[in-house]
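Here we start with a single chain on its own, the form predicted on its own, put down as structure tokens.
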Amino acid sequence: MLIWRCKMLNVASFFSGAGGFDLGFKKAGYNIVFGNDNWEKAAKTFRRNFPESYFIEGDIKDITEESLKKILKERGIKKINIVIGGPPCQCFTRLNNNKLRKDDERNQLFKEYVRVIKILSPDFVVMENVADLLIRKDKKNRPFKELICGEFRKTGYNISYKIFKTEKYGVPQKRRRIIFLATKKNIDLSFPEESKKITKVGDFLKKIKNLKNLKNTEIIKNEPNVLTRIKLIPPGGYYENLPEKFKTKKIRDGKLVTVKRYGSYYRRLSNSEPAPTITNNYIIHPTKNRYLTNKEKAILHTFPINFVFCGKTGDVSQQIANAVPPKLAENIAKHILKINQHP
């Protein structure tokens, strides 16, 4: 078990979702004191998989200094060493029109994150979000990256950030995420090094031997016309690989034209490559003519095979899509121990 000054490190997480961030830190030897999220389905999943941890189900805006101190006192915790979390990213992703979403209140939730950090005063803070945050600005045309770093510095933290390519950190998908790392300690901030090995889909899906013995394995039944198209998609291919007669047509300016689609539409994975970013969209299995089950999505997200998600099929898919890949979180957790080994 990894330790710091002969004591297990205590972690508090916010915007916890299903607990992907928490799981990575737990695997690295940290103690997850409590998590927080306002989505009931995710809260249920967290409680099921982290029975030893407390969970605050509710809006972070409603969490008070008194309530946090009460939780720590009841659990015999004198100090939170690290706070982790990923404020909602939907408002920053390129899939949304930034001009229409500058007033999205979720853009400001990082300020609530900083507020609870001020209360807990941890030695380290880790914050995750989509890479597109780096190019987003608020309604006053101020870059969010500068606003975030400024808030942390005003609170007494040194802060740095990096875009992570998750396929180089043991996660078999091309997921781009920005990680902010902040500390009050007088140390140089750095990040774990990338591996030269690219993690591939096939190495993970082969871990699943029998879907019948696992939870979250519901298979989506496809209509005949959908199944026909799925069968025509090669490994690594998508909608654009379909014969012309199977592509969607629409009338535009009096002409019949073929509709263009995003790269995730009718996307089939390849066993020899990383997956694209796992989202709430359907993804075709690399060798079978069906969409991935949620269990398979979770495996590609590096959740362990025995991790159980609660809720309906769509709820589970969204929990997986929202989560920080546990393997990425574990890499970061171990690196924090490394850079702080000479306090």
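As the structure is a computational prediction, the values presented were derived from the model and not from experiment. Residue indices: 1-based, along the sequence shown.
What follows is about the form predicted in complex with a small molecule, which we do not show.
Just one of L68, I284, I32, I60 comes within 4.5 Å of the small molecule in the model of the complex, counting any heavy atom, and that one is I60.
Residue-level contacts in the model of the complex: of S53, N49, N36, S317, one residue has a heavy atom within 4.5 Å of the small molecule, and it is N36. The small molecule is not drawn, but in the model of the complex it has a heavy atom within 4.5 Å of L109. With a 4.5 Å cutoff on heavy atoms, N10 does not count as touching the small molecule in the model of the complex; it lies far away. Within this chain, A323 lines the site of the small molecule in the model of the complex, having a heavy atom no more than 4.5 Å away. Mapping the unseen interface onto this chain, P88 counts among the residues with a heavy atom inside 4.5 Å of the small molecule in the model of the complex.
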